[in-house]
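Shown here is one chain on its own, the form predicted alone, set out as structure tokens.
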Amino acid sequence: MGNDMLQMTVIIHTRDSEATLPRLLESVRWAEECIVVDMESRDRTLEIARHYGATLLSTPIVPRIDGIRNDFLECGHHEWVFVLDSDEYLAADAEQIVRGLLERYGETSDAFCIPRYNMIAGQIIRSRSWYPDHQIRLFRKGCVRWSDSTHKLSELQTAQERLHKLEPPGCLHIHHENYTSIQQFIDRQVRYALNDIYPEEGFSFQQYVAWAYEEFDFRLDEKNDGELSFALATLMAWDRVVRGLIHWERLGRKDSLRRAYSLPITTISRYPEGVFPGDVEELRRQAEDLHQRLQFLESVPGVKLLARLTKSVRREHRKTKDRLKRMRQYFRGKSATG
């Protein structure tokens, strides 16, 4: 190891990671210390780690890696720690950027929140739900902790003003190859759901179904990610329902599931009044029909008996036009922010 190496500890958790580990280790060769925490790998993971001079530590297989991260954060010799997963890596200019961050902000910051590129089925996902996906991974030893829950972000243990958040573009990124295929995505989501921790109180399958609708709305971004966005949004909504069923069974199947599907869509969707984009055209047709009926009634001379009906139709027409206007403004706003 040369004297010019960055005085930092990189910690990597592995489990049968021979396919991705070389790329990661190559991308952090500038760090003075690298620790690989392995969970009983059966492939060439350990051999690869030794080849790159990493310190090897072993741990039994656990259902959630998040829960044991804290056990190894103090193992390094350096003040600054960079935690990476075996399917992540850094770009070629990472050393220069990290040095600059520590020199400029090291005295005033205890941790750096770094954006992450997520690649799924060979495509970097750009929608707001997957990017910038900030992660607290570079931090001063003893300042960050993880909870024992799947994919819950780590938390800074000191003051919030000591967290420096990097804003893209033009900053350091973590590159993450999440899933190589939709099939792998499904397999992992099922495993995550089965191995997660569920609360013993406050169960509501209606809430899980509500989250499914919200998840679909949040994840769908065909403008940025095309058809893959629709597939991922569908799977993430499905994941919420699956988690609800797992939670229901673990609590003894006591609650009724039927009530969740009797809820009106208006109570569980982020769309106002339960109106979706396809409904706007129907509203427009209704407004035009009411307008034609109104014109006909007003064209009949001397028919006072129709005055009350005319007023009623006019009021209905005005309400429909106002509703259509709100819907147009809403979807223009979603398009601008999406």
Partner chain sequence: MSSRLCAVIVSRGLDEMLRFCLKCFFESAEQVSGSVEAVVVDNASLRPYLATSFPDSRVRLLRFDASTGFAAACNQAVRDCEAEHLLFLNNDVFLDRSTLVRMLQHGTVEGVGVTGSWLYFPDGRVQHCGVVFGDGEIGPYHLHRGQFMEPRSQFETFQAVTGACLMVSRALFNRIGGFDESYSFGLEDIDLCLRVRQAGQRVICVDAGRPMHFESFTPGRIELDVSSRRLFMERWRDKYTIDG
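Positions refer to the first chain, counted from 1. On a predicted model such as this, the values are computed, not experimentally measured, just so you know.
One more form of this protein exists, namely the form predicted together with the partner chain; it is left out here, but the text below deals with it.
- Proximity to the partner chain in the predicted bound form, taken as a non-hydrogen atom within 4.5 angstroms, holds for one residue of 182, 197, 257, 124, which is 124.
- Here is the short version: of 97, 241, 231, 193, the single residue with a heavy atom within 4.5 Å of the partner chain in the predicted bound form is 97.
- The candidate spot formed by 92, 117 and 225 is fully in contact with the partner chain in the predicted bound form: every one of the three has a heavy atom within 4.5 Å.
- The partner chain in the predicted bound form is approached by residue 172, whose closest heavy atom lies within 4.5 angstroms of it.
- Residues of just one listed stretch (200 to 208, 164 to 172, 244 to 252, 77 to 85) have heavy atoms within 4.5 Å of the partner chain in the predicted bound form: 164 to 172.
- Taking a 4.5 Å heavy atom cutoff to the partner chain in the predicted bound form, none of the residues in 232 to 250 make contact.
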